[in-house]
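The form predicted on its own is given below as one chain in structure tokens.
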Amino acid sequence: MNTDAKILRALRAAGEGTVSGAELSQKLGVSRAAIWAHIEELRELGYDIEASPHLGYRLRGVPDVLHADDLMARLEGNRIVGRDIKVFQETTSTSDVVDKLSRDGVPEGIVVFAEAQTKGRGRMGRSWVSPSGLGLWFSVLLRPRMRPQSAMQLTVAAATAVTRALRSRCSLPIGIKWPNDILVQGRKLVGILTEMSAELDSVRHLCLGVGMNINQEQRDFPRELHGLATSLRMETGEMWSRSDLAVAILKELDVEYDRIICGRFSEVVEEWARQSVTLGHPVTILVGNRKIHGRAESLDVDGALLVRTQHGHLERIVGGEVVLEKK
């Protein structure tokens, strides 16, 4: 953790109190002049840091930006997810960056954020609209020891983690639609995309991409998404701190990833099922030119959806498009 991150952690820990330059200098092992220089750099980034000759420094406000050092300073306790963070002002897709990092041998747990994506993507070749400064667009590099057939577990775990983080902060009727959508009253709030590189019997690496609509208004979405997509601002009428949400989500992702690698997927499924808007509902699954009609019953040990068809057969669904039908 660098000096900026350590300063921000100390200022946040002080709450409404102050931290003296001498105390920071001693803790960080740098001169008071160096502390002042770092404080000035943080101010230039938009952090409102009050300085008193007699009392020290106090953090009065933070900017609505994603700052890697600040995010890392707030993730103490995470075992894997968020052990390193990179933030880009703009990139094609955060998943493209993670894919390159994975091929360079970077350890798992690194998270790549972008303030804007020019080629954000979702499932089945769809694009994901990623306007600058209005949402969270990020990808996580993971290297789980698992069979490729079980990779869907990570999508289920990610949806559970994001939903739990959101439910702890708002009372919206949030629900998970298998396999990768988080909805509010039928409109998409969050999309999750899992991309994998694997051998025949083992996963090399996995990229977990998350797109969350936060402070958009309806005019920020293309006309074709009106009525289909939503944001926290549209649902609550309030502006949200993207950095606060990012920290909350990364903490929950770390918890869920630990469950997965410790073989506790059944616990994840129990929580996922309580938030699901898919289980128990009639569904139509579109797989290529084929349509499967039935009722979604459960998830199997790999995270695949089990659907009881109209003919009474139990179909295992690992891909395709799920359409929720009215009961």
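Keep in mind the model is a prediction, meaning the values are calculated, not measured. For every residue, the number given is its place in the sequence shown, counted from 1.
Not on display, but discussed next: the form predicted in complex with a small molecule.
The small molecule is not shown here, and in the predicted bound form it never comes within 4.5 Å of any heavy atom of Tyr257. Contact between Leu193 and the small molecule in the predicted bound form is found at the 4.5 Å heavy atom cutoff. Under a 4.5 angstroms non-hydrogen atom cutoff, the small molecule in the predicted bound form has Trp137 among its neighbouring residues. Put simply, Ala246 is far from the small molecule in the predicted bound form: not one heavy atom of it is within 4.5 Å. The stretch in contact with the small molecule in the predicted bound form, judged by heavy atoms within 4.5 Å, is 179-187, chosen from 78-86, 166-174, 222-230, 179-187. Residue-level contacts in the predicted bound form: of Arg147, Lys119, Arg204, Arg103, one residue has a heavy atom within 4.5 Å of the small molecule, and it is Lys119. Taken together, the three residues Thr155, Leu253 and Trp272 all stay farther than 4.5 Å from the small molecule in the predicted bound form, as judged by their closest heavy atom.
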